[in-house]
Ligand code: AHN
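Shown here is one chain on its own, the form predicted alone, set out as structure tokens.
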Amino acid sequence: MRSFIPYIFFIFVLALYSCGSSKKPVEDNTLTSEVQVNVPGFDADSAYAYIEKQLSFGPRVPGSEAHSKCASWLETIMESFADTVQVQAFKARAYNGNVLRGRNIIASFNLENKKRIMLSAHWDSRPFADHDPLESNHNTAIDGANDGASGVGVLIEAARQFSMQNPAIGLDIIFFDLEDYGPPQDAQNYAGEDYWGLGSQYWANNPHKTNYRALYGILLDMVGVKDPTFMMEGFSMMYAPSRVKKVWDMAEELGYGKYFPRERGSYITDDHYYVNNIANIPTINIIHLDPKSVNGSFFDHWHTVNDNLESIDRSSLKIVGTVILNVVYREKG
């Protein structure tokens, strides 16, 4: 992932998107009141192990053996927890003209329940360490421990909990593919945001179920870094401000307000952008944003060879996973 637009451009972006207001998701706030339930605890060690397993295959670059093996494992592990799993195979053209084969993996719970929440993360990893301090590493594929695997690990552990204690709401967990195959930083001759998030673009145009709707969606991206700062990302506030408030209120109630500051962050062209803009499902992005990082936006090891298991902090996984479980289990079905 991808590009970011600083918050100072909020007025410009708002004016730009007002021209396409007919495509803006309409939030339905009448169906999601909270109920009091016993929310299971989130096992950060388990989530960490799921991240470690993803990395064990090697960089999950589309077209590689590691990518294929990880896809098969993700399908198998989710089949052990979910009511049903669908693999959405598709082709997409990359920035360089190459046609890539992708696989979106969709795990569903409580199929009969029409009131649904969509949780998502991307599972592929970047083929280029194009922000690495060493130029010699720029064509090296990365592990993507935080950028990709962390969100997937949290959601697999959440799925394990859902399998043991059924939530009142319907759930769909989507692992998007081909998210991080955008043009490398060194390739100045390529432009266009839509070279990122290829899997979410495909799904938004071709949902796994005809006329699929969800009350809202939550995307997890780069959620495993130590002492995370989950600012209120720009497009999340544009498309789904009430859902941002819901999640940030929950984090504060749970004692995690420090990590979910009520501060606006940059506009990130991430998978949630296409879910909002194409599928019209109000979707927010829980993503670590740090303007003080060496790259001015994300964590220090973003798109470098050091985005490995050492960059993952179990306590951060615990924070995000606990918030997600509380949001899900406290929804009225």
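Residues carry their position along the shown sequence, with the first being 1. Note that the structure is a prediction, hence the values are computed from the model and not measured.
One more form of this protein exists, namely the form predicted in complex with this ligand; it is left out here, but the text below deals with it.
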*Looking at the partner-bound form in the model of the complex, is W196 within 4.5 Å of this ligand by any heavy atom?*
yes
*Does the 4.5 Å heavy atom contact test between I174 and this ligand in the model of the complex come out positive?*
no
*Taking 4.5 angstroms as the cut-off for heavy atoms, does T269 touch this ligand in the model of the complex?*
yes
*Proximity of F42 to this ligand in the model of the complex, heavy atoms at 4.5 Å*: no
*Report the stretch among 243-251, 177-185, 258-266, 68-76 that approaches this ligand in the model of the complex to within 4.5 Å, counting heavy atoms only.*
177-185
*May I ask you to choose, among D221, D132, E157, E233, the residue with a heavy atom within 4.5 Å of this ligand in the model of the complex?*
D221
*Interface residues of 37-55 toward this ligand, as seen in the model of the complex [heavy atoms, 4.5 Å]*: none
